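Read on for two forms of one protein chain; each stands alone as structure tokens, with the labels structure 1 and structure 2.
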Structure 1
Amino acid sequence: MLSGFDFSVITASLPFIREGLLFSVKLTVIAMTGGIIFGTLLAMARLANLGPLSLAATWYVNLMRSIPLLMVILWFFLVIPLITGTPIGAENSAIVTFTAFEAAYYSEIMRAGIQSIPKGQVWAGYAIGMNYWQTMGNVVLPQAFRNMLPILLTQTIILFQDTSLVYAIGAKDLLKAAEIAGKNYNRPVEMYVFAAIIYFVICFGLSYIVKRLQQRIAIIR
């Protein structure tokens, strides 16, 4: 089979694939950053006794974690234009969807991270006169984030793989680019294999970094 493998189509379609990959990476980075920020706020809302706000945060997280991602992607794609009044495009829709969806998962990680910080640390922050936000921002969250960094990154690897689902709404990510290139050159096998190799290299590389990080954090403790 490899004898029929045409490497020339890969070089020919490289610029096109590159664009798809860039969008996949951009989507991952934005959804990770936004997801961690929004997720942390959700975690804080759940852990503080804020009544309805805590309840809403809990519901949001549980809802997002109970619906298949593909459905959320399709759903947001249909619903967002109804809210904004104008179509925002598959790429923007994907960015909003992934940020909102990943926030639920990052929120669970940050919640565990916040809970891993001893209560005495919060007391110490309050005792020198810092308020809730100052104590969270300077004492609790930096430590929670550091403790959870390997798990946050592992979630990001999963996120990067999941971004391939946006091909369903026609957003041009790595997978979609490979599919289009495969069709254009009539060489789908080559292009899908190439895309798979790129996913593998990036995810494997990230996993390696996570492993190294875990060892380093273990030493610091």
Structure 2
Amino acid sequence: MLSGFDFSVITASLPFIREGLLFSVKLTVIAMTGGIIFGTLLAMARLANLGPLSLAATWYVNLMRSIPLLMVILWFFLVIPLITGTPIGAENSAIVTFTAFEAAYYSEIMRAGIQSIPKGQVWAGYAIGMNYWQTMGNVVLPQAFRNMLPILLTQTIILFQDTSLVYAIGAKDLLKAAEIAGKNYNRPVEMYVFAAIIYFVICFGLSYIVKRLQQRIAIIR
């Protein structure tokens, strides 16, 4: 079955693959970090009952979770330059889009984590003079992050897989790099298989880490 494969092309294409993989990892890390930060703020705003702010956060989360990521990527890449009159580039567009989109999903994860903390701890924070934001930052969020860490990492695995969608706007991620190398050496099958193996190894490794974390958190509880 593999007799027709030219494995030598994989070695020759490593510079392309390395460049694409680095961008995929960079995009994942930036979108994860920004998504968790903004997602946590969105979750806190939704739970704070702050009137218009809570309503705006709710609408934002529901909107982002109701639109396919690919459409958001294309809209931002095509529409924003028309509004601003300045192209922002495929890579910058991908970073902004993924961060904004993932914030909605991380927000729901963090909201569940915050709500999993017993109300008594919140009242205890209020009793010693803390306000809402101090109670969240010092009492609730540290515990919520610990409880939600496996789910946050699971969402990050999905995020890494979704980075392949930037292929649609020409950003040079792992999949795009595999396509370019396949065209350059006229061996697309080998390159797509190699890219699939890389995705599998990374995602499987992260999934194993998530499983171990779930076991450790279960023991702590």
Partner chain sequence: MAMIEIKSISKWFGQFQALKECTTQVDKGEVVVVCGPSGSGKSTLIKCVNALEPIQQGEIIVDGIRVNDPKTDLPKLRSLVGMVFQHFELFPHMTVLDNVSLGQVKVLGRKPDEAAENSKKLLHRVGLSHHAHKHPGQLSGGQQQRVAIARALAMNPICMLFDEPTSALDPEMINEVLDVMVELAQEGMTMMVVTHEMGFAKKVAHRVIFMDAGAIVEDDKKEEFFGSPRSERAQQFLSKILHH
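Structure 1 provides the reference sequence; residues are numbered from 1 along it. Computed from a predicted structure; not experimentally measured. For the two forms, the rigid core is made up of the largest set of C-alpha atoms that agree within 1.5 Å on superposition.
Each of the two structures shows the same chain on its own, and it is structure 1 that derives from the form predicted together with its partner chain. In this overlay on the rigid core, residue 145 has a C-alpha that sits less than 2 Å away from its partner position between structures 1 and 2. Core superposition gives residue 132 a CA displacement of 2.4 Å between structures 1 and 2.
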